[in-house]
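Just one chain is shown here, as structure tokens, and it is the form predicted alone.
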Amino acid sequence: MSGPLLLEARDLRVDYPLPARGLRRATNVTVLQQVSLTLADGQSLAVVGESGSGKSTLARALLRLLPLAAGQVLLRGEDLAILTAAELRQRRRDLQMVFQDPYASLDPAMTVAEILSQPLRVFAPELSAAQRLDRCAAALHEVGLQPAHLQRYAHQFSGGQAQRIGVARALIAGPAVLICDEPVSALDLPIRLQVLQLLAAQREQRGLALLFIAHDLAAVRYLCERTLVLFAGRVMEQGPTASLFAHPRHPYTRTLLAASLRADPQAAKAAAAQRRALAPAAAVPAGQSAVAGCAWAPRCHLAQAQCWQQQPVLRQVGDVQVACHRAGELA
């Protein structure tokens, strides 16, 4: 059950600089535009979309690891953009992240004890060395590893074990929000389920708010109450996971769901038929540009003149919000 509003993003825009090259002038490329979301205490929100849609950029913007071109990120109503470096460092106790590649995110020159001690040195400097070691052993136990593992290095663990260490490091300071950026995509299927179960259990026990970025829609269905669909840096659809999966209103969401792997041969056959039905649209109309309108228009079988001319805004359709001029036709 969700509680008070904890994390809020308002109309985020993130630009990446594109340096000058040859005859091209230096410019900025917008990778996130007008992205808003809310995350309540104890709530789980999935962010899905194809590669390049802006999911990881969104995660880093929420953590203020990337500068915002526009918009606000609020933690318990406090604007993170106006904080000093020292103030932001303390707020990061409440905002922790689990990365996609556990080996890349764990320092290979450090033992597990040293890795887990780092957050405690920053956020709990009053602890003695012995107390920090006890906390590290307890954190490993919570994620299914043994205190004996504290003196090992990251390369001595399997991918699933290394990701458990990444989870332990993110949780050891007692955050309020855990942001997971594709935390299971590099893992084998049986290990993937174990890590998902671990995240679900920790969320339940700690009352964590969870932002879960994923390609694996089965994992999203298992773990998250709400889902936000990104494409080309914009929100296409968002709402309760069960409703969004059962009755997707946006053509892109339908394509995304139809493209997911299915074990049922009949369901796979039906999905293939749906993908064929969602064929790319005709050529761009004369004088029109997808930049001016919906980013999905060049690949949408429902695209019409309005879709090329006007960017759709999120509007309520049933119990989800959809940025599509023709969403009512898919209800």
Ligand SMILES: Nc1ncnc2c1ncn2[C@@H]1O[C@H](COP(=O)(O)OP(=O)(O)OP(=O)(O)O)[C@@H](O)[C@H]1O
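One-based numbering along the sequence shown. Nothing here was measured: the structure is a model prediction, and the numbers come from that model.
Just so it is clear, the following notes concern the form predicted in complex with the ligand, a form of the same protein that is not shown.
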Sole residue of 91, 215, 206, 152 within 4.5 Å of the ligand in the predicted complex, by heavy atom
215
Answer key: of 31, 68, 300, 63, within 4.5 Å of the ligand in the predicted complex (heavy atoms) is 31
Whether residue 42 contacts the ligand in the predicted complex should be assessed with a 4.5 Å heavy atom distance threshold; does it?
no
Spell out, yes or no, whether the shortest heavy atom distance between residue 182 and the ligand in the predicted complex is within 4.5 Å.
yes
Spell out, yes or no, whether the shortest heavy atom distance between residue 51 and the ligand in the predicted complex is within 4.5 Å.
yes
